[in-house]
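Okay, so here's just one chain, in C-alpha cells, the form predicted on its own.
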Amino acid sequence: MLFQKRSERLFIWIFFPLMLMMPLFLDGNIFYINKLSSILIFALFVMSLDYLVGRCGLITLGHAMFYGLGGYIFYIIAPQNEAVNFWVYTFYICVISAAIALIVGFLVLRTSGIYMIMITLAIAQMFFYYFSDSMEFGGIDGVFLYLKPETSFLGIKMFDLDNPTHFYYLCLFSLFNTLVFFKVIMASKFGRVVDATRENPERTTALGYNVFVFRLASYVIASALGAYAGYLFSMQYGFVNPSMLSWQTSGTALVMLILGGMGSIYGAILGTFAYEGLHYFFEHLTEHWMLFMGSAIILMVILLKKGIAGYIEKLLEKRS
C-alpha cells in the first residue's frame, strides 16, 4: 500500500476532497481562490524541500534558488509574444533545472552539516544578487510575463490558465501528483537506500551503495520540482523577481516543514496551511502581527516536537 500510515490515508481522504469542493464554497471569490492557489504552489515547494531535509538529511538554505529559477528560466526560453504549451515547457524547465542542480549538487554534496548550509546559502545569494543587479532581468523589480501558456494535450484543452478556478485546479492536481510521486520514490528500492544513507551512511557504503550518487539524484529530483513550483507561481501572477531566490524564502519554507513534521512529506502541506493561516489571522488582527506570529510558531514547535503530522499520528495511535 502506497499510503501505509493511517494518518496519511486520513489526510488524503479529508484534504483533497475538501480542496476539490473549495471553489464551490467560496462562490467564485477570486481573491480567496488566488490565495489558495498560492498556498498550494508553496506547499509543493515545501514538499520538495521536506524530501531533501526530512528524508535525505540534506539541510539547505538555498532551495529557493530553484524556486526563483523556475520562473526566470521560463522567461528566458519562452517567446514573449506567443503562448507556448504548458506541458512542453514544464518538461524544459524541469530538465534545465535538473541540469543546474546536477552541477550545484556535485559541489555542495561534498560537504555536510553547517558547511552545506553555508555553501547552499552562498550559491543561492550569488544568483539572487545577479538577478537583482541585472537590468536585462529587470533588476530588483523583476520581469513580467505577458502571456500564459496553453494546456492542450492531444488536441484537448485541459485548463484555461487565465481562469483563476482552472488555475487553482491545476495547482491542486500538481500537488497531489507530487505527493504521490514522492511516496512512490520513498516506497521503492531507491527510497529505501536514501533512508539508509540518512540513518547510517557508513554502513550503506559498506553494503556497496554509492551514497554520493543517491544523494545527488535526490538533490536533482527535489530541485527540479522546486523549480516547477516557481514556474507555477510566475504564471499565476505574471511576473518573477529576485525575492523568490532569497534566503528568506528558503527560511520560511524550513519553518513550514518543521511545523508540519519533517520527513512525513504530507506534513509539508499541513505546515504550509498552518503557517499561512496564522499569518492571515494575525496580520488582520493587529499591526504588531509579527510578534504574535513568532510567538505562536515558537509555541507550536515546543509543543509539537514532531510537527502537526507527528501529533496526528500519535493521536491516532492512542485511539487504536
Partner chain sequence: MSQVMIETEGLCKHWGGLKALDDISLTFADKELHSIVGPNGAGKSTLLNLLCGTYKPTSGRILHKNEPIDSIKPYAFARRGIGRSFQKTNIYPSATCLENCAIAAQRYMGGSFNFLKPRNKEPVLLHIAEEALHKVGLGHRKDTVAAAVSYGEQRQLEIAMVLATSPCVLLLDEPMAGMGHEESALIIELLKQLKKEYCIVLVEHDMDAVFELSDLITVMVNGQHLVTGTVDAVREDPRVKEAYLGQGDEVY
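Numbering follows the first chain given and starts at 1. Because the structure is a prediction, the values reported are computed rather than measured.
Below, we refer to the form predicted together with the partner chain, which is not included among the displayed structures.
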{"query": "The partner chain contact in the predicted bound form: residue 208, any heavy atom under 4.5 Å", "finding": "yes"}
{"query": "4.5 Å heavy atom contact, residue 188 to the partner chain in the predicted bound form", "finding": "yes"}
{"query": "Contact of residue 162 with the partner chain in the predicted bound form (heavy atom, 4.5 Å)", "finding": "no"}
{"query": "Distance check, residue 221 to the partner chain in the predicted bound form, heavy atom within 4.5 Å", "finding": "yes"}
{"query": "Of 214, 89, 247, 137, the one that lies within 4.5 Å of the partner chain in the predicted bound form (heavy atoms)", "finding": "214"}
{"query": "In the predicted bound form, the one of 200, 177, 85, 80 near the partner chain [non-hydrogen atom within 4.5 angstroms]", "finding": "200"}
{"query": "Options 163-171, 137-145, 231-239, 178-186; stretch whose heavy atom lies within 4.5 Å of the partner chain in the predicted bound form", "finding": "178-186"}
